[in-house]
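In structure tokens, one chain follows: the form predicted on its own.
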């Protein structure tokens, strides 16, 4: 007998390919998008938690530094992960980034200088968020210390942006650096007044104010002889947050006390000359009655 071939009849079943929803055209676009959508908010939340903890433990300046130190590296890690998920090799990108970086560096030297200066400001911490600083003619409260600039809010509620490089190169006065400040109040009196009595009155005014500190104690400094007054300076100390209100109080109290004591606060005097070295401009009062136009004074 010949060979008998037995064929098994099987129902043809077509193969069903289950698409991977994480891949689009062979590239994991959806997975990369999920990393971005989940990673960036998570990095922001972690950085914010670290910032709030640093603020509660230390101060707002430390919180700002911690926030940036956590958030930016986390974002960099997320971006590198996304690029690797997309199958992109980082070696060519780094090479291209180096070439682009050189070109951008030449084009943005000022920005790079501001960024480096920003790191110096954060490390040195000559002032912190909430301090009052003076830069040139501008005085205001520090709102933010960013990578490129520092933003101030002036006392008339304007925002001033100062580049970090300018702050590193120029003189910056931190008004609220220390908990107490000295108030220097200039006082001018007439030459006929008793200088010793003026000193006693000024010290009494400073001592009687409950918001003036007794340590360091108030002092009265003799400044010199002015053009029309004898000049003194009342130097007293108070807490920094209440500096302006207390300074205004002392000015008002000095004026009220001098008025009550009959002490003269002089104003500048001017003499008119007709051309002679010594002879003043001649003025003769001819009437004590009401002044009429053109008839009160005669040369």
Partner chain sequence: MPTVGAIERISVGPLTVWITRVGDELRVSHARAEHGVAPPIDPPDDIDWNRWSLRDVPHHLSVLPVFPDRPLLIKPDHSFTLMRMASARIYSRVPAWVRLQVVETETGLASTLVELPTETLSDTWWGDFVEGSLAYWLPTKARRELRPDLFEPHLIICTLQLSNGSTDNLAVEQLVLRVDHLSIFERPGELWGEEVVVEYQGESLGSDIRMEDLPPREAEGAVEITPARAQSRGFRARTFARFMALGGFRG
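Residue numbers count along the first chain shown, from 1. All figures in this text were calculated on a predicted structure; none of them were measured in a lab.
One more form of this protein should be noted, the form predicted in complex with its partner chain, which is absent from this view; the next part is about it.
The contact with its partner chain in the predicted bound form, taken as any heavy atom within 4.5 Å, belongs to 212 out of 201, 150, 187, 212. Shown without its partner, this chain lists 196, 130, 224, 216 as candidates; in the predicted bound form, only 216 has a non-hydrogen atom within 4.5 angstroms of its partner chain.
At a distance threshold of 4.5 angstroms between non-hydrogen atoms, residue 237 is in contact with its partner chain in the predicted bound form. By the criterion of a heavy atom within 4.5 Å, residue 182 is counted among the residues contacting its partner chain in the predicted bound form.
Taking non-hydrogen atoms only, residue 144 never approaches its partner chain to within 4.5 angstroms in the predicted bound form. Proximity of residue 72 to its partner chain in the predicted bound form falls outside the 4.5 Å heavy atom cutoff. Across the options 115-123, 134-142, 156-164, 201-209, residues that bring heavy atoms within 4.5 Å of its partner chain in the predicted bound form belong to 201-209.
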